[in-house]
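A single chain comes next, written as structure tokens; it is the form predicted on its own.
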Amino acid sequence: MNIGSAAKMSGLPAKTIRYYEDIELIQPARAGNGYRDYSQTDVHRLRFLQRSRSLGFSIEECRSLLSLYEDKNRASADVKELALAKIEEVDRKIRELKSLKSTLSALASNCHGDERPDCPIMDDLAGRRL
């Protein structure tokens, strides 16, 4: 099938599919005319990548997951290790976002939000603390 059909079936834009080919995450066959010829297996891999990326896995993590997926002798412990590492990363990001929210909330609560020019938010952004 052509890239348009593969894109429709996988839910990925053609540009992303070409990128995945450029970085060798997928390797579709070539038809006699030189065009890419995607198989059902390629579409399955694209869906796998789409789902992995939607869960926050990086390209390199996706490469590892694909390798494990294709290894029928894999240990599930290896897959679980990748998932647990991703959970730790998500937890770290959540802590960072909560801290960011707390800082912004404190700044916003200290700002009068009226017609006066003085603003603790601007002071903080400029490096001048309250």
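Take the two forms, superpose them, and find the largest set of C-alpha atoms that agree within 1.5 Å; that set is the rigid core. All residue numbers refer to positions in the sequence shown, first residue = 1. The structure displayed is predicted, hence computed values, not measured ones.
The same protein has a further form, the form predicted in complex with the DNA, not shown here; the description that follows concerns it.
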| item | value |
| --- | --- |
| Which of 26 to 34, 73 to 81, 98 to 106, 39 to 47 lines the interface with the DNA in the predicted complex (heavy atom within 4.5 Å) | 26 to 34 |
| The DNA contact in the predicted complex: residue 112, any heavy atom under 4.5 Å | no |
| Distance check, residue 67 to the DNA in the predicted complex, heavy atom within 4.5 Å | no |
| The DNA contact in the predicted complex: residue 59, any heavy atom under 4.5 Å | yes |
| In the predicted complex, residue 11 touching the DNA (heavy atom, 4.5 Å) | no |
| Residues within stretch 9 to 32 having a non-hydrogen atom within 4.5 Å of the DNA in the predicted complex | 13, 15, 16, 18, 19, 20, 30 |
| Post core alignment: residue 76 C-alpha displaced by 2 Å or more between the shown form and the other one | no |
